[in-house]
Ligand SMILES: Cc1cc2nc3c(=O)[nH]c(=O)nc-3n(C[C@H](O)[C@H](O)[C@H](O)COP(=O)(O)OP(=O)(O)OC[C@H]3O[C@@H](n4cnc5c(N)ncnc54)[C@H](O)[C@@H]3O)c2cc1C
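Just one chain is shown here, as structure tokens, and it is the form predicted on its own.
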Amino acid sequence: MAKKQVEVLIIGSGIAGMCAGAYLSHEGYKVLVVEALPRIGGHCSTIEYNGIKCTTGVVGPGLGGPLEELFQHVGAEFNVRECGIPHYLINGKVVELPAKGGLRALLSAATDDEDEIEGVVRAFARAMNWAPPPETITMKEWLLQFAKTKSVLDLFQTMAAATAIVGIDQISAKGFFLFLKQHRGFRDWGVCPEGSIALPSSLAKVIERHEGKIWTNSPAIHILSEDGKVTGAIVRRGGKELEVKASVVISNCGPGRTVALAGKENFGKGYVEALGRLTPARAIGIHIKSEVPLLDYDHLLVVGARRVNAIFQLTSVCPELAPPGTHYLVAGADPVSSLNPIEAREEIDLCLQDLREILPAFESHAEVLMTGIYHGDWPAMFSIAGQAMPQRTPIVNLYAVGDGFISEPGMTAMAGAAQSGIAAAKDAATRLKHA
């Protein structure tokens, strides 16, 4: 079998793996990224369909967080166009989120009960500025102490589902407030004019600039270890298998796949059981084309619909994503079923009912291009916000990164995945330096 020697092997080219690869390349280490698919990026990628640059999951990155900081650190181009002011659809009325007093404005649209509004606002301020609630109660349980109106609960459900891909009955109240502090809700984010794949592609240029390599269509088929320490992996490339020897391996292919590649027996019962307790996040994304604008805003957060929680008219921010005169929207939805084929069809039908009611011109001007179903082995996230596994695995110098391994409190989704890759890379660099 042919052999190749590198210092760092990264399995999977999602945003976490690419962040780790760019950081370590920038620090002077020889990096190889292997990817099973013909394109890089995972959920942060782009498929061109009918001339439209459709996202594979990520609508746009947050601004000013760990991802943008990494791009600045490694000298990668961060071509992201900032989105406008968030708008919420509450009880049939569109509310523009003001710069100050946003929560009170949203609550006032959700309920006429001034005592309820005041109670939630005061409790919210205490949780944000004094002491967060304990880990032991969910956000829904916390809210029910102060809120009695269904539309108020629906408001917070939309905040959680549209931004952190989690329900208020799943995320802890403490985790919810930590998330808000980290991300400022849903205010500061943007869209890539070249499609989401522009982000991993920019990091790929950093890796290649430092003489690293990126192999697509090259799945890892076995992670190798000896005496409890990683030694590399077997990779299939061009129909042939080769052994890639590496001092560090960083896996960005998901918790279950990482364990399967390295051998369940090498991780220990406790680790495998902990992985089994992770709750994957499910989601539906409906990709829509239209010849007229379907929204007056670039994005709308939807409160109290059957399934749809957000609609993004991406060409309002980046018209380059579609041919001239064409508009591209993505509707995000929070399914409640396990999404087997029959249930998925039912869930999509409910989403379409929502869209017909929310968008007056949907029936006459919209064309559904495709529907993304994120569940099973390809979930929206491998664990919901607030759950986390460490990046270090029981196998020495084998790291696992991505949205199942977010260690920083309050981080989730794309920002959290990026943070996990950066944290693993920094730890690996320290170990390599002192090896």
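A residue's number is simply how far along the shown sequence it sits, counting from 1. What you see is a predicted model; the values in this text were computed from it and never measured.
From this point on, the text means the form predicted together with the named molecule, which you will not see here.
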Quiz item: Heavy atoms within 4.5 Å of the named molecule in the predicted complex: which stretch among 363 to 371, 50 to 58, 388 to 396, 22 to 30?
Solution: 50 to 58
Quiz item: Do heavy atoms from each of 86, 159 and 309 fall within 4.5 Å of the named molecule in the predicted complex?
Solution: no
Quiz item: Does residue 70 make contact with the named molecule in the predicted complex, using a 4.5 Å heavy atom cut-off?
Solution: no
Quiz item: Using 4.5 Å between non-hydrogen atoms, is residue 220 touching the named molecule in the predicted complex?
Solution: yes
Quiz item: Even though the named molecule is not shown here, does residue 400 get within 4.5 Å of it in the predicted complex, heavy atoms only?
Solution: no
Quiz item: With the partner left out of view, is residue 351 within 4.5 angstroms of the named molecule in the predicted complex by any non-hydrogen atom?
Solution: no
Quiz item: Out of 249 to 272, which residues reach within 4.5 Å of the named molecule in the predicted complex, heavy atoms considered?
Solution: 252, 253, 257, 261
